[in-house]
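Next up: the same protein chain in two forms, each one alone, written as structure tokens (structure 1, then structure 2).
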Structure 1
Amino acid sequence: MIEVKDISKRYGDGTVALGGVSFSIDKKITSIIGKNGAGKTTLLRILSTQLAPSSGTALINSHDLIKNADEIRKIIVSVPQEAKPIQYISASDFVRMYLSARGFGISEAKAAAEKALRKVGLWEFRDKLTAELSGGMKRKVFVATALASDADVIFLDEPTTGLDPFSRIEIWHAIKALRGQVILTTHYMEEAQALSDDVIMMDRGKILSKGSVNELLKGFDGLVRVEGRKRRKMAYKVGDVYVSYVDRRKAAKFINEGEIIRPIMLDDLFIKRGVNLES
């Protein structure tokens, strides 16, 4: 259980990254979605004790973020977006070294590392130096590390950035297999939709909405998304395309007019709020 209490973050140059956010997380997998600069990474860094908030606090499994940071670090794993594994050891050694640092015995660390590397599709590359792995494979090494750690809470910042579609699906399965509570950030709306028990929508350091995918999309029941060059009544401009939402039973009319029909996704929540996800 994570309870966030009025956390804000203002940097020295006056930039407000978080504007006093409060929420609770009690589901298995929670995705934090939003465009660049929304405050997702800042929030994750604060909750994983890497960055101090300007004000506010949080409880993570009943431990106070400010008063009990050392206790929190014992029960969490955090994989930052910019993390890079040690370059001149093997993928297998990297995972085992991390587990040893967390207190695993030698045989326990070896068994856990093998199981995790197999799970993320890296076992055949276990003896390859991490310096020789692709960017996507390096991300998979970190997900394997989180998987092997058996931590209570796992923070993943953009865990599938740089991965091809097949590898992304492998990581999704690995994330679902994590024992602990998972909080991840992502730019991929289909990823949040596929993985999440709960979704937190952020923009400009504020929480826009929170709930399950079904709860958040309830207002779109019976609708489809129409994209085209023609401006229609109640349309939203996204780049050089106009987006509108119509009854799915009337979709054939728009197809005949050369417009594109798409199913409703989480990014439609941002479009209806006027949030440009491309910036």
Structure 2
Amino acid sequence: MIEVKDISKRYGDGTVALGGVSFSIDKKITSIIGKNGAGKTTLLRILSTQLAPSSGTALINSHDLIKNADEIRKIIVSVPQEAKPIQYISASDFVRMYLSARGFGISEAKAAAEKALRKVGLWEFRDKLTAELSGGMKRKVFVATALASDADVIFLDEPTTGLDPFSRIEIWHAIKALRGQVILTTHYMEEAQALSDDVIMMDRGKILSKGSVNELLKGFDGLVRVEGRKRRKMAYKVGDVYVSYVDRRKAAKFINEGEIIRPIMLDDLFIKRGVNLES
């Protein structure tokens, strides 16, 4: 259980990355979504004790973020955005090295690393230098470290950015196999929808909404999204394109007009709230 209490972050140059956010997380997998600069990474770094907040605190499994950071570090794993395994050591050694940082003994680390590498499908590549692994495999090495550590809370910052669709699906399955509570950031809406029990929407350092995918998309029941250059009534402008929401049964005629029809996704919530994800 994570309880965030009025956390804010102002950097030295005056930039406000988080403007006092409060919420609680009690589901197995929670995604934090939002456009670049929304404050997702800042929030995740604060919760994983990598960055000090300017004000506020959080309770992670009852441990206070400010007063008991050392206790929190014993129960969490945090994989930073764009983290890469050290390229001149093998996948197996990297996992074992990380486990040593968590205080695992030699044989304990060896057994846990083997189990985790098997589970994420990296066992046959265990002795390869991580430099020789594909992008997806490198990310899987980090998921293996999280799996092997058996942490209670796992923070993953953009775990699948830059990966091909097949690698992403593999990573999703690996994430689902984690025992602990997972909090991840992503700007892939389909990823949030596929993985999450709960979704937190952020924009400009604030929480816009929080809830399950079904709860959040309730207002879109029976609708589809129509995208095109033609401006319609009640359309939202996204870049050069107009987006409108129409009854699914009437959607066919828009295809004939050269427009694109898409099912409703989480990004439609941002569009309806006037947050341009591409800006």
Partner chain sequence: MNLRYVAGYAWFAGVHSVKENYPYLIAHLALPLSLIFIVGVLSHGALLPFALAGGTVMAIASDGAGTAQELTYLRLEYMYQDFIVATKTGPIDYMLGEIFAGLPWVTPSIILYFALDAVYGMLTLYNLVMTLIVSVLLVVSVSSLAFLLSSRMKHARLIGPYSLIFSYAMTVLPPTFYPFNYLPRWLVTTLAVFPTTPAAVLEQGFFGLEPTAWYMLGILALEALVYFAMARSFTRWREK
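Definition used throughout: the rigid core is the maximal C-alpha set that superposes within 1.5 Å between two forms. Along the sequence of structure 1, residues get numbers from 1 upward. Please read all numbers here as calculations on a predicted model, not as lab measurements.
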{"query": "Correct structure when looking for the form predicted on its own", "finding": "1"}
{"query": "Core-superposed C-alpha of L133 shifting 2 Å or more between structures 1 and 2", "finding": "yes"}
{"query": "Rigid core superposition, Y188 Cα moves 2 angstroms or more between structures 1 and 2", "finding": "no"}
{"query": "Rigid-core frame, C-alpha of D197, shift of 2 angstroms or more between structures 1 and 2", "finding": "no"}
{"query": "Shift in Å of the G103 Cα between structures 1 and 2 [rigid core superposition]", "finding": "2.8"}
